[in-house]
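So this first bit is one chain, no partners, the form predicted alone, shown in structure tokens.
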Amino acid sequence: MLLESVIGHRGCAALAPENTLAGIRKAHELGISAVEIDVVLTADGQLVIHHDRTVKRCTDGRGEVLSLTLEQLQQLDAGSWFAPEYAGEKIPTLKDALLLIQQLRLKLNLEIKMHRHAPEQLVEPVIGQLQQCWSDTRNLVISSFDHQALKLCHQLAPEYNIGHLFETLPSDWEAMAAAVHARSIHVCHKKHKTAQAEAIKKAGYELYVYTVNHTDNADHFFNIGVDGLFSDEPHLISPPAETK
């Protein structure tokens, strides 16, 4: 299995500020062995872990990530919005996150967030950083909703596992997955159907769904053959008996 049957979404988003080193540590403390985080590009060409186009929701700042420098971003408090005990938590660099995740021996799903950048602007530095800092390609999946970004990922580093993200599975999903040499398909749990799961598995892909935060939903997806679930509350989800 590329990832795990239960993956911490944005670290462990229900229990610690998302996309922070604290969130990654929290997932590890809970015994979660795989996490998903998002990578974006700053105004000065640095790579940081953050989900939104702006910093408003998850920091005490304002503005778009792509218009702020790394120095400006790391002056922000990315923890107080979540809980007082996380005051002073910073937006981490991709390098710092990669080093911590490997230190904790976790698997990683790294999602590339384009936010209006051309694929080469973001993909090339991401691949460069991974080649410098990530040691075991078996424990890494790169995913994105951006088809062109995934094509470039494979061209630059065919050794990396690719996961094609879809909100709604399109009719030509298999051709799209083949074009980027995907190993897995990642889909929204709200719009996923049993027949689609059967088709994806029959075609030889691993299947992951996001974002599942209720145990009854989790049981349903495991029963129809889904390989893994992204969850904000991974500690509440029991994997299938054979993977425990």
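Start at 1 with the first residue shown and count on from there. It should be emphasised that the depicted structure is a prediction, and the values quoted were computed from it without experimental measurement.
Not pictured, yet referred to below: the form predicted in complex with a small molecule.
Interface membership of residue 38, defined by any non-hydrogen atom within 4.5 Å of the small molecule in the model of the complex, is confirmed.
The closest heavy atom approach of residue 113 to the small molecule in the model of the complex falls within 4.5 Å. Although the partner is absent here, residue 81 is not a contact residue: none of its heavy atoms lies within 4.5 angstroms of the small molecule in the model of the complex.
Contact check for residue 94: no non-hydrogen atom falls within 4.5 Å of the small molecule in the model of the complex.
Note on the partner interface in the model of the complex: the residue among 165, 140, 106, 127 having a heavy atom within 4.5 angstroms of the small molecule is 165. Note that among 30-38, 59-67, 213-221, 196-204, the stretch whose heavy atoms approach the small molecule to within 4.5 Å in the model of the complex is 30-38.
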